[in-house]
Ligand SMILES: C[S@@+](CC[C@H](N)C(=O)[O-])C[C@H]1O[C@@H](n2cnc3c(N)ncnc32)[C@H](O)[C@@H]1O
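First comes one chain, alone, set out as structure tokens in the form predicted on its own.
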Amino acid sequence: MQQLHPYKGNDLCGWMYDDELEFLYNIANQMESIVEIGTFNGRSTHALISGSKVTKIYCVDPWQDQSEWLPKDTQSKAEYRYRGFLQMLKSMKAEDRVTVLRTTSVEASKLFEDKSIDMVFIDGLHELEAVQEDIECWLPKVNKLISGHDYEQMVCPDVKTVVDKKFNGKVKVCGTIWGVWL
């Protein structure tokens, strides 16, 4: 059995709990390649990078104005988040292991062969159609674990609805992270 190590955490702004960050930190060591959909400030990316020194990580995010769900957001704030994310990668000396794909999830999925990624972590748009689309376009690309964030009925009901319908009882949960081992 693999020994789990504690994650020291990070102070990046985001909506992920400490136990969820620790889960990502520990799971990263079991993967050779990870695609993260929805990077935002890089809070979860930090945990993935810290958890493994060999894992290749692809961060997919258009870094655009999110004012439809984040009041008072602007494109200049999105650019600030993007520059901050790049600075975090540099400070972690992770630029050689992280590929930043500043595009949509669907467009990024076209860059990968089927079964070429060990893990996909979906934390992009949380509306019904977007969650369905992310799962449909990334599921063929994964060979070990498809997972995501915000699996909670009260805050993001569409995520839970889509995941439960698609994976019918195969879902494992850690906090609000869902996962299906393939």
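All residue numbers are counted from 1 along the displayed sequence. Model, not experiment: these values are computed from the prediction.
Form predicted together with the named molecule: not shown, discussed below.
**Q** Sort through 153 to 161, 58 to 66, 25 to 33, 111 to 119 and report the only stretch with a non-hydrogen atom within 4.5 Å of the named molecule in the model of the complex.
**A** Partner-contacting stretch among the options: 58 to 66.
**Q** Any chance S147 has a heavy atom within 4.5 Å of the named molecule in the model of the complex?
**A** So S147 does not count as contacting the named molecule.
**Q** Would you please decide whether G124 lies within 4.5 angstroms of the named molecule in the model of the complex, comparing each non-hydrogen atom pair?
**A** Heavy-atom contact with the named molecule at 4.5 Å: present for G124.
**Q** Does the 4.5 Å heavy atom contact test between G51 and the named molecule in the model of the complex come out positive?
**A** No - in the model of the complex, heavy atoms of G51 and the named molecule never come within 4.5 Å of each other.
**Q** Give a yes/no on whether R43 approaches the named molecule to within 4.5 Å in the model of the complex, heavy atoms considered.
**A** Output for R43 is yes: heavy atoms within 4.5 Å of the named molecule.
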